[in-house]
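First structure 1, then structure 2: two forms of the same chain, each alone, as structure tokens.
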Structure 1
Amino acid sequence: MTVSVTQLNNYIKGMVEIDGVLSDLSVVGEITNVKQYKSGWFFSLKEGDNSINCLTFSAATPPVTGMMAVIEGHLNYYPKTGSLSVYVRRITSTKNTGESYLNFLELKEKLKKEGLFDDERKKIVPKSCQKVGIVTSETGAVIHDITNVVYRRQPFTQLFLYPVKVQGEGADFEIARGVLYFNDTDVDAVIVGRGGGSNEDLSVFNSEVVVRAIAACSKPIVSAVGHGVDFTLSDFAADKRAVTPTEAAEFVTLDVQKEKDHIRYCLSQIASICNNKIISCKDSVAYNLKGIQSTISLLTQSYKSKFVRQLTKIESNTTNKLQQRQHQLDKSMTKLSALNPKSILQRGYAHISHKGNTLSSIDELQIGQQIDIFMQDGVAQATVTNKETK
């Protein structure tokens, strides 16, 4: 008999609903993969390699990863997805803690004591990597997400993929080899990760060999495992943790377009400030020039007035000096005129000389001596024939 998918799913749903065992269940196991939402919790109940999905909206005891518990509820079948899950109405914690969770805590404490998680040993991840190594699956969405984000933000970046399995047997050794491979390359940083999944899916990133490889790598490591609510030991050992692969790609690149826009904005602001400064300086220069011109005009007028006063004073002093000198000259001329021999001669006196020497005494005359007699209007020569002393 051939039936449609819808018919098959409706049949299964009906069988689940009429089965009395499945309508009132009590199941024991280890709680894993807990995710909280506004309406309640989603988690898995695990025993060994087997697990089943659960959800609860009213449990008094919230589910905790690693807790051994008994859940009570009923099985529900979803025809649209063909999946089973347990609607949980009550969770009762048992005294035992899940073995896998205990192993996780034990390894975490061991590696922590060795200093593999210390902040002091973590390296700075460059904000604009030229070359980026990626350790992840070559077929998963992670590599596509990282590639799209990197080339959109920083198109000149070179990406180098080391393809690995991200779950299953041997995946941990592949991841460790991939991380250490980039030790001998010139990449600026390495992204290690995978997409979301259950705790079991992500468990390979809790492997000791992976954690030690990340801690030993000489390149800055960005861990991008699962989603924001997922934490692995690889996250603690890495130099930086990203909540998603997309965020990891953002950590190692700059948004070139945003940087360009920011530079343009800064240049625009600088140009505006410079323009305003130029205008302000022009106004200031014009104002100062007016002030200088006004000051020069006042100083010029002041110095001109002083100069005119000085010239007037000099002219007055010069006139006075000239008058004084003229008066002195007139007095001297009067004296000189009075002392001028011609003036004396005009009064009837004569001047006697012998061979150019003035004779002023009778004793200087000799009988028979030739003498010159100077008078007002001429000179006469005479011979001394007699002399008489009085």
Structure 2
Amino acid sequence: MTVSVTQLNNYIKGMVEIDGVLSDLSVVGEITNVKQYKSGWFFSLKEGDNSINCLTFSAATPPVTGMMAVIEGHLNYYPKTGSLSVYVRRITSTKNTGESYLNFLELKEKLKKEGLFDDERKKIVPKSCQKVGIVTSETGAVIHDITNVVYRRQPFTQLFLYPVKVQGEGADFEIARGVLYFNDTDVDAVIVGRGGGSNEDLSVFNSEVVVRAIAACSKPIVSAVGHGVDFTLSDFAADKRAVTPTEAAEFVTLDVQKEKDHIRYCLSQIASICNNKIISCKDSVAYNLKGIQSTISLLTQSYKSKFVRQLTKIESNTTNKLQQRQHQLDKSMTKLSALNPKSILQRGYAHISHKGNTLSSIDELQIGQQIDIFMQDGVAQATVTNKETK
């Protein structure tokens, strides 16, 4: 009989739903792979190598990795993916911690005591590696992501892949060999990683052989195992832990384009500062020169004013003196004019002389004497006929 996938899935779903045992289960095991979503919790319940997926939307006790618990609920078949999971309504802790989790903690403590996780052991991962070793699967998203990111950021980088199995039997030894292989190469750093998965999938990176190989490697190691929430012992032993393979690729390379932009920015800042300094110096020169020029101009003006003032003073003094002299001269001239005999004659007086000698007294005259009478406009001769003293 041939049936379609839908028919088969619907058949299985029906069988699961009508089964009395599966509709009311109580299962004991170790909780692992806990993931919280908005809708609820997803986790696995495991015992040794066996596990079953579980989900709960209503359990009062949240699932915790490593917790030994009894879960109560019913089995559900999901036809879209063909997967079985337990819908959990109650989780009851048995107060015991799961065996695998105990083993994990025990190994972690042991390696920690040996100093494998000490910060002092950690090597510096170069920010711009020329050669990078990668220990991961040759197929899958991890190598693809790393290659893409590295070549986009730093196109001149050389990548060397040591392909390994990243889960399952023998994967731990392959990974350890891969890590140690790069000891004798000239790579600048090594990325050890794999994508996300269940705790069981990632457990190879908790294996002692891998952790010891990472700690012993002479090259700086970047671990990129699972997603951000997953922590493995390899992460503790590695020199740097990346949340994702993409971040690991970013740790070992520089974004060349971004660096160029940064250099351009710095350069333009420096140039701008230098330019401002030049402008400021030029301004200072111009300011001082203008100041000096202005002072000189003021000084010249002040000298000029002083000169003009003095000149005016001299001119004024000279004029005064000249006027004084003129006045004195006028006075003298008036005096002189008053003393001029002609001016006396003009007033109607006459000058009498005899043979050129001036006669000013009546006693000097003789009766019958010839005299000259000088008047303002001529001279006349006269004879003295009589005289009388007054």
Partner chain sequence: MNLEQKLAKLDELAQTIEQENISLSKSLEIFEQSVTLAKECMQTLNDCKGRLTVLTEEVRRIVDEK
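Numbers follow structure 1, counted from its first residue as 1. Worth saying up front: this structure is predicted, and the values here are computed from it rather than measured. Rigid core (definition): largest C-alpha set, two forms, superposition within 1.5 Å.
Two forms of the same chain are shown on their own. Structure 1 is the form predicted alone.
Once the cores line up, the CA of S361 ends up 2 angstroms or more apart between the two structures. Annotation for L329: C-alpha shift of 2 angstroms or more between the two structures, rigid core superposed. Relative to the superposed rigid core, G291 undergoes a CA displacement of at least 2 Å between the two structures.
Overlaying the rigid core between the two structures leaves the Cα of A271 displaced by 4.4 angstrom.
Core superposition places the Cα of F374 60.1 Å apart between the two structures.
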